[in-house]
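So this first bit is one chain, no partners, the form predicted on its own, shown in structure tokens.
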């Protein structure tokens, strides 16, 4: 079997894995947009903040330690304990639920029926506030996130595939963390789909997404639904933060993964959970294959712009995305 074909297969597999990580971030955007019509610019910063909070809880770091030390003249750093992984994740999720309650009470409640641009600008302000608040709370330095996820390539897969090609093919290099992320994403999407289709709260969420006023008229609490969906989006941000943080460290650039989710949303549609997954896979595979086949001919670095060019093409010919709902306005 030609080694170049096998390398292309390896690129496709790794593209699928990368696409799953993009889709994890896009899921948070979809959930909030479906329930409230808000494009949440702060979703990437939510992933950063959730990951920072998880690391701080794990290590027993005292929140606002530097601020307290500056004001009080103390030298506080850590509590005399650390927290195991599972309780730390639960506590970090609790912080994201508290964040959702605060956002609904002090921001969303006061912006009901405001134009969409006002809500969008509010999430931009929220993003910058959360970023600065996270730095003050946990410190701006790069943090190592260790929750026991496997790292590096799978030697078993490499050994099993080394004999498929010629002497120039050394086996598939598949990152074990990407494989775990794929399994987690599949379970998360399945759980969200079941929740949306079969639970009382899920049906209420879909009713709010269809028509806010009609949902209110049948007794559905809009405020509760907003807290619920922002809490779920916070959990999705926590999962994405764990995967990306374990892969590249918890640092400022983690918040920029939201920019990578934008082409995913344009392809899959802003209102479709399956669309976020399919869009992520298309972007992941497309950018890897394009870099593999065309990149060497144009000097490389095509991954940085390929997704946005593909999204632009979709905007021209199918602006609602592959799975998005077509909006018809009657005048």
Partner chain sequence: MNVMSPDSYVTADGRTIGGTLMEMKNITLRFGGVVAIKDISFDIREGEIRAIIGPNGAGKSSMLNVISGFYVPSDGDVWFDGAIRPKMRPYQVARQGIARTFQNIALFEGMSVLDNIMTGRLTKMKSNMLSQAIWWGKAQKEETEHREKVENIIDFLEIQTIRKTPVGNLPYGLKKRVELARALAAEPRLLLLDEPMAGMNVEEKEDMSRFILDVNDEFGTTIALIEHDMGVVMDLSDRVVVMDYGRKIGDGTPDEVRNDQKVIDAYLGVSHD
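Everything numeric in this text was worked out from a predicted model, so none of it was measured. Residue numbers count along the first chain shown, from 1.
There is another form of the same protein, the form predicted in complex with its partner chain; it is not shown, and what comes next is about it.
- Of the listed positions (82, 114, 201, 74), a single one reaches within 4.5 angstroms of its partner chain by any non-hydrogen atom in the predicted complex, namely 201.
- Comment: its partner chain is not present in this chain, but in the predicted complex one of 188, 89, 122, 228 has a heavy atom within 4.5 Å of it, namely 228.
- Heavy atoms of residue 129 never reach within 4.5 Å of its partner chain in the predicted complex, leaving it off the interface.
- At a distance threshold of 4.5 angstroms between non-hydrogen atoms, residue 105 is out of contact with its partner chain in the predicted complex.
- The closest non-hydrogen atom of residue 216 lies within 4.5 Å of its partner chain in the predicted complex.
- In the predicted complex, no heavy atom of residue 180 sits within 4.5 Å of its partner chain.
- With its partner chain left out of view, the stretch that reaches within 4.5 Å of it through heavy atoms in the predicted complex is, among 180 to 188, 219 to 227, 114 to 122, 95 to 103, 219 to 227.
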